[in-house]
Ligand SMILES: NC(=O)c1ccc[n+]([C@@H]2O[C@H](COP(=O)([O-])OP(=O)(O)OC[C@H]3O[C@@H](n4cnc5c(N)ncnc54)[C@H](OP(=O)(O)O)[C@@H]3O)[C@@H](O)[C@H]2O)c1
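Given next, in structure tokens, is a single chain: the form predicted alone.
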């Protein structure tokens, strides 16, 4: 039986770990050809080998690239087009992180690095993928936001602003590109990843409280929870869904004040 993405070509940025890797795993198991990037060649090669073992009919291709550099993120899209002739799905997962500091001492460079590695990275990839999606008759884009875009915890203004900008970009693209059968949606994830593991190790009590306040009492699994959500949004069954923000937090962002500047655990940031 063919997978739900058999014959489709997907680009997933930042897919050597965390949600990006989980999404890539989910996609290759459903028959997709996946082109992905990472900044480190050795990690990329290891991930490429892993994904090939899991692949159910599609190809796997790693491109070493930093999405915060326009020419490099464009090269990822170009590779998909050159090698496979199309881009059916684009998942802009990668996000460059910077230091945690209050607004009054956070330099402009931090804001620019966060925007380059998140908002602009998504915009550059979308702009590069648009012509081929329009030519082939449609496609799907999935961007990544965060509950922090509206909860705005202390000392994370650059990250929160970047994610809010990505949400606005998503809605604008959905309005502009719908006429070409290109769907553009955004996910607000809450999942375990390398960043989560580092945070949990440094702040075990805060991590425990964060999960305890979630309706499902846990952080999501990158593959089966977040990857499955992304999968659903790029299948043909989702062709009438666009411009939407999906809570991929187990209900934590809409049903709970999981992260708030008034809660004591944010003092640990």
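Positions refer to the first chain, counted from 1. Not measured: the values here are computed from a predicted model.
Unshown form predicted together with this ligand; subsequent notes refer to it.
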*Does the 4.5 Å heavy atom contact test between residue 94 and this ligand in the predicted complex come out positive?*
yes
*Non-hydrogen atom contact residue 189 with this ligand in the predicted complex at 4.5 angstroms*: yes
*Are any of the heavy atoms in residue 40 no more than 4.5 Å from a heavy atom of this ligand in the predicted complex?*
yes
*Although this ligand is absent from this view, report whether residue 46 comes within 4.5 Å of it in the predicted complex, heavy atoms only.*
no
*asked:* If the cut-off is 4.5 angstroms on heavy atoms, which of these, 146, 185, 114, 156, is the one near this ligand in the predicted complex?
replied: 146
_Going by heavy atom distances of 4.5 angstroms or less, which of 59, 221, 66, 236 would be at the interface with this ligand in the predicted complex?_
66
_Residue stretch of 81-89, 176-184, 123-131, 137-145 approaching this ligand in the predicted complex, non-hydrogen atom distance within 4.5 Å_ = 137-145
